[in-house]
Structures are given as C-alpha cells and as structure tokens.
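So this first bit is one chain, no partners, the form predicted on its own, shown in structure tokens.
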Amino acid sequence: MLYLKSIELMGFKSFGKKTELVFGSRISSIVGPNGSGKSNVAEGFRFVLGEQSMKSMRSKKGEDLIWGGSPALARQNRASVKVVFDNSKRLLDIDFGEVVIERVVYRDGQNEYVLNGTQVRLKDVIRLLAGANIGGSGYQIISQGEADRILNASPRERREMVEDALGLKLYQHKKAESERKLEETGNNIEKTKSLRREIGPHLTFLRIQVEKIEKARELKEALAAKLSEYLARENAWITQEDARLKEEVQSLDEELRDISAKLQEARSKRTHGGSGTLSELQSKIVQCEAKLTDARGRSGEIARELGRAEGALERNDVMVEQIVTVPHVRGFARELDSAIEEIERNDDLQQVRNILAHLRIRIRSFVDGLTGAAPVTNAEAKREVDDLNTKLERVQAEQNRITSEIDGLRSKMAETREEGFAAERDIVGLEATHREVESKKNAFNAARATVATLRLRFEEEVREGIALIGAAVHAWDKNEIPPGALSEDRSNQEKRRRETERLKIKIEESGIGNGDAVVREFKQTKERDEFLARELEDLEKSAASLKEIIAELEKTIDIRFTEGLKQINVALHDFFQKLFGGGEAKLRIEEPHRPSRQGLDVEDGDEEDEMVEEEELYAGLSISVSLPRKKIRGLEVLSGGERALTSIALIFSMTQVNPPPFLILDETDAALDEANSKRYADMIKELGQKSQLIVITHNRATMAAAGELYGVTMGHDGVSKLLSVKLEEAERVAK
C-alpha cells in the first residue's frame, strides 16, 4: 500500500517554480549532482510535517526557506510545501479518502498550516501525524550527514528516537499534554487556595456583620409586625375621625347658612320696619296732612263763593232779552251776510282768507262787547251755584279720603314699629346662635387641623418605616381594620407608638441599616468561596486523575518500550550480521545515574528528588557493538564505514518493529564501498516490503533497487528542475 502519493514544492529553497513529485513505486530514488537541490526535497518533507528547528533544515530563519531570486526568476514572498496522503485505509484519523497537508511560510516568519483546504494549528497537524507514526523529525527522515546521528546522540536522545520509532510519540504527546495540564492544574490549585486565603478574613468579617444584620432583621420583623398594626389602626382612626369632623363641619356650615339666611331676613324686616320705612310713612302722613289742609282751604273758599252765588241768585231776575239790543244784532247779522256773499263771489283764496280773518275779529269784538257789557242772568247764576256745590262735594270727598289715608298710614306706622322691635329681638337671638355655631365650627376645624397634623406624623412614620424595613411596611395598607381600632382609647394607640419608637431606636443603634448590600456581598463572597472550594475539589480530582493518566501512560510507554526494544534488538542482530558478516550489536537500558549528594545543601533536597525521578523516568539507551574478527566493544573506535554500517543497521532495525508509512533516506549510503552498497541495496528492497522509501543517493546499486528515479538538475537560472524515469514500467516494456 502506497500511503505517500505526492509532494509539491513551490518557492521552497531552490525550487523557485512549482515542482511536483508523484510517487508510484514502493522505492523512489532521487538522484542528481551535488548542489542541484535534491536534499531540499527531504527538507521539504521535514518542513511540511511540522519541523520547527531551522538548523535541521540548514537555515537560520524562516525567510531562508523562501526562494531568494535570481536574474532569471524574481524572488518570492512565500514558500509552500504540500504533501498528499492516500487515506483510503484510514491511516490518518480523519474521515477523508485523501488527506492534503500544506505548510506556508512568509517572509515575516509567519506560518500557516492547511488541512484539506482548512487552516488549522500546528498542534492539530502533529497529533494527526503522530497517530500514524509520522513525524517531521526523528528516525524516519534521515537527512544528509545524519546517518550516524543515532550513534552520536546521548543515551537519553537515543531513547527518544527509539520511542519515536516504536510509535510512542502519540503517548509522549498525551503524556506531555497531561503533564502540562497537571502543571496548569497545580498552578490553578495554588491560585484557588490563594484566593480562598484572601477572601477568608473578609468572609469572616462579613459573616459577623450578617449575624448583626440577622439580629437587626429580627428587630425589623418585630417592628414590621407592630408597625403594621399601629399604622393600620392609626390610619383607620385618622380616616374615620377626619370624615366625622368633616361631616360635622359640613353640617355646621349648612346650619350657618340657614342662620345667615334667617338673619338676613330679620335684618331686612328691621330695615323695612326701621327708621327708613317710618320716615317714609311719616313723610307720606305730612304730605297727606298738607293735602288735607289744602283741601280744607279750597273747601272754605268754595263755601264762601257758594254763599255769595246763592245770595246773588236770590237777588237776580234779569233775562237775556233784556240784555241784547235787536238793532245791534241785526246790524252784525247784515255785516256777516255781506261778508259771506263777498266770499262766495270772490275766487281769490288770499282775499277769502283776509275776509275770514276780518270776520273772526268782528265776531270776537261782538262777543266781547256782549260779555263785557251784559249783566249776569238768573240762569247763569243758578249754573254757577250748581258748579260750586259740585266742587264743594268733590273737595269734601277728597278731605275724607285724605283723612282716611292718614289714619291708615298712622296705623301702618304703628305696626311697622312693632315689627321692627320683633325683628331686632330675632336678630339678637340669631346672632348669638350664629356665634355659637361658628365657635363649634372653629372647634371642629381645630380638631381637623390636629387630625391633619396626626396624618402628617403618620406619613412621616410610614417614610421612616420604609427607610428601616423597606416595602414590608406597606403591609398595613393590605390588612383589614383591626378590631376596636375605631372605638378604643387613644392611650392604647399611643402606647403602641412608643413601642415602635423603641424598636426604631434599637435598629438605628445597630448601625447596620437595611444591610441588603452587606448580605448580598456576604452571599456573593460565600458563593464565591463555595465555588472556589468546589473548584479546588474538582482541580484536586482532576490533578489526581491526570496523575493516574500520566502513570498509566508511563506504564504503557514502559511496557511498549521494553517489548519494542526486544524486537529492535532481534532485528538489529539480523541486520548487523548481514552487513558485517557476523558480530553483534545490542541496545541496552542504562542504569539511572543518581547525582552525588556531596556538596548539596539540605534545602536542595526537593530539587534533587525531582532530578533523580527524572533520570529514573528517562533512563537512556547505550549501544554495545562486537565486530567479527575484531576485539572492538565501543563505538568510539569504529571507523567511518563501520559507524555508517552500524547506524544503518540500527535505523533499519528500528523500522521493523513499527514500520512507518514511509522513510526518507538522504545519502545514508555515501560512506559505503561497493560491496556494502550491494548489501545496503538488498536491505532497501527488504525495507520496501513494509514501508514506502524515498531514497536520495549517488549509489548505482541503490538506484537499481528503486522502482522509479527522479533526477534533479539546476540550470543557469539557479532553479532546481525535475526529470523522472519509471524503471518498473521500463522493465515491463523491455520484457
């Protein structure tokens, strides 16, 4: 099964242009002259698989990995390497048939990791690869000049390489992650304990305050009960008393209005029967008496004229014929007739008017002549007597009427005086009653003012109650009127008020106030302390669980390491004998080196224990070598070729226990002679049965073992180029 499908380099080191290597054979060989850039392919694998050491990729900083430019091709601002895995058998723990991992580096040193088109973290890539026994560094990628790195490594580093080869890297990551979490948990435990120590004194102080508040709260509850009853009774009494007094005042107002109306009526009677009305009556009497005197005077004059007229009537016997002469009348008649004829004849209106005016004068003169010169006749004298009698009767009737009117006015005047006296008596009585009612009203108003003062005091007591016990004071408004609240003696209510005042004073003397803020802070602090206690318990459980996990991981690592080491030693024995034609090589677990206690102070005991524990946990690996036909036991006396063969045997044996999906070998056969190169090639073919191999080599025997060749060249532009030859296809064609 070929897990590694291809690798693509773009702008990475000497690969300035996009270059893709597709692997279709179990063994692929990359060849080319020195300096052509073939080792950059191995470093590209290191890069994309998460290598963080620039030194391992022959660079100092991330910018050195990016194509720097040449006269033919400008420099680039980013370098990327993309590797494609066939994941049809779920080599990688991800639900994709093909997995593409890409790493990009920019000139500012920033790195990006992309998994199937989604940007991820380096940690995610390392964990995914570790589950498939793939890593960016370690034994499966042997760079140029690092063939004997496992021989030169320290025992502890050598053990780490073997653990990596045995697939224990995932467990190591889990262990490291658990240790990191354990350390963080330990720090959190200390922080939590520190926080609890910090809030402990404050919590104690708040608890004392809350106890005081609870006592004050009990007082408040007692106050609430007493104050509720007191306020309910007081409100009921004030409401009833104010309504009663208001009703009394309204009744007195109506009575005062009635009295005022009666008083006004009495004063009106007094006014009409008083000096004004009497004066009018007196004036009318005077007027009537004056009229009576005048009537009496006229009556006397008429009586005297009547006496003269009656005496004249007795003496007078003259007739009308005796008075008027006939010639004179006839002459006047002729004159009238002549004037009338002239009027009849004359058509001139003005002349007619003149004639009529003359006639008027003549008629007046004729009449005046008759009246002035003629004596009074007997008939005329009789008529005068009759007229005077009539006038006298009228004057006497008027005298009687005036006398009767004067009598009536005098009677009415007497009645008016009597009514005035009665009205005055009524006014005096009504004014006294008015003053009495007004006094009662003032008394009731004063009582209402007292009740209003009690209402103000009541409202102030409600406000004080709200300030002391909060909204609970409103309970009085919801309760029914207590029995006897409207009829009991006020001294009982005053006693209740004094009791509530004493409770108020005690609450105020406690100095706590409502204490809600303190209680709230105590609850919050207590809840925080309880939360921290639970958190501490959880952290301690978590720490214990992590310790168990670490112990279990260490046990698993130790068991697998021990079993794997046995299998590696078996394979190492076989590979070593194949390469050297005999002899023996073996990996051994060194005994932990305990530091000497000499020169250590007592205070350093804890640090020493940690060092000893670490050395015991990471006991290193040593290599014992026995060459055929030579008395050589140590690595120090091996020649370069012997060291190369030993390291190759060790590397190949490590791959047999837990074969990685692929191996990348960069000129690990450079130091081998022709005979050993053939043995190396045979071993390559054997390894190719279990792992996919990418071999960078100059050795022909190694090239012959490969199924496909990639040739890397470099032109004048400094860019690495790729040529490929499919040897397996060529063989099939040749056959």
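Sequential numbering from 1, following the sequence displayed. Every value quoted in this text rests on a predicted model; they were computed, and no experiment measured them.
What follows is about the form predicted together with adenosine-5'-triphosphate, which we do not show.
In the model of the complex, adenosine-5'-triphosphate lies farther than 4.5 Å from every heavy atom of Ser691. Put simply, Tyr710 is far from adenosine-5'-triphosphate in the model of the complex: not one heavy atom of it is within 4.5 Å. Proximity of Lys61 to adenosine-5'-triphosphate in the model of the complex falls outside the 4.5 Å heavy atom cutoff.
Contact annotation for Ile66: at least one heavy atom lies within 4.5 Å of adenosine-5'-triphosphate in the model of the complex. For adenosine-5'-triphosphate in the model of the complex, the listed stretch (26-34, 700-708, 48-56, 675-683) containing residues with heavy atoms inside 4.5 Å is 26-34. Interface residues of 398-423, taken as those with a heavy atom within 4.5 Å of adenosine-5'-triphosphate in the model of the complex (partner not displayed), are absent.
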